[in-house]
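Given as structure tokens, the chain that follows is alone and in the form predicted alone.
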């Protein structure tokens, strides 16, 4: 069972080669420059503080549900021009899209209906932006689609679908995985508490140590390719295991140790080459603010349950927790 809207969603930057890739990437790249992202810092800080205000008196929270999820979904929704009250719908749709469950029953009863609802929602939103354009990224992309030679309707749908999912899923995992790693390494957590200026190298180390993405999306060899003693025939599917590359002992001394002061830390958590993550500056900034704000406002923060009891979301590409109960 394969629906037209599923085919439409493949017309995105991840699944296209040049020249389409450059054309699509150019349409949104200006919205994700480090300079423009830095201007969003006060708003991201405001969102982080508001989320912690809401749980401050409770003494406990689920760090994923109450903090790591709502922060990036609010940011990307505001950037794109999606009503914030719809963010929980995106969580349900996004969970279905990245579940990794390929059984026929799941695809037919869960995935396809959710993706149909998602695309129906987006098409209605596009119509609204055509009638009442605002100063947001979806309005800008709709104008590009109306220009005809820059963006097709399928590409518009695929672009916003990708930005909404990639714009929050990976950052949820960065914050959740990163905080779990710090809470399991109290000496590293204390070092960051005492010197918040370490947050930039700390984020890079957390991305390397237990990053939000375990494998790349699928790639296919365009010609016969030899890697070491292995020959990949033309047309063979390739999955790069990013998590393994970032723990390569030939690249990183003592790779299984968490060291937030690590300097030579050229990880591949955001990919490499022409498909390097467009949202990397935004994810880095959100991670820096989210974690430093949490540590500064909640000095007694600790795990509520044992690490062994925590559940991880299924799937081969993304790595993230279902929940992270903490107390403070």
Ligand code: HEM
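Quick caveat, the model's predicted, so the values are computed rather than measured. Residue numbers count along the first chain shown, from 1.
What comes next is about the form predicted together with ligand HEM, which is not displayed.
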{"query": "In the predicted complex, the one of 44, 27, 283, 51 near ligand HEM [non-hydrogen atom within 4.5 angstroms]", "finding": "283"}
{"query": "Listed residue that, although ligand HEM is not shown, lies within 4.5 Å of it in the predicted complex (heavy atoms), from 76, 122, 182, 138", "finding": "76"}
{"query": "Candidate site 32, 166 and 213: all three near ligand HEM in the predicted complex by heavy atom within 4.5 Å", "finding": "yes"}
{"query": "Touches ligand HEM in the predicted complex: residue 36 (any heavy atom, 4.5 Å)", "finding": "no"}
{"query": "Proximity of residue 294 to ligand HEM in the predicted complex, heavy atoms at 4.5 Å", "finding": "no"}
{"query": "Contact of residue 219 with ligand HEM in the predicted complex (heavy atom, 4.5 Å)", "finding": "yes"}
{"query": "Residue 21 within 4.5 Å of ligand HEM in the predicted complex, heavy atoms", "finding": "yes"}
{"query": "Partner-proximal stretch of 296 to 304, 270 to 278, 58 to 66, 256 to 264 relative to ligand HEM in the predicted complex, 4.5 angstroms, heavy atom", "finding": "270 to 278"}
{"query": "Heavy atom within 4.5 Å of ligand HEM in the predicted complex - qualifying residues of 235 to 264", "finding": "242"}
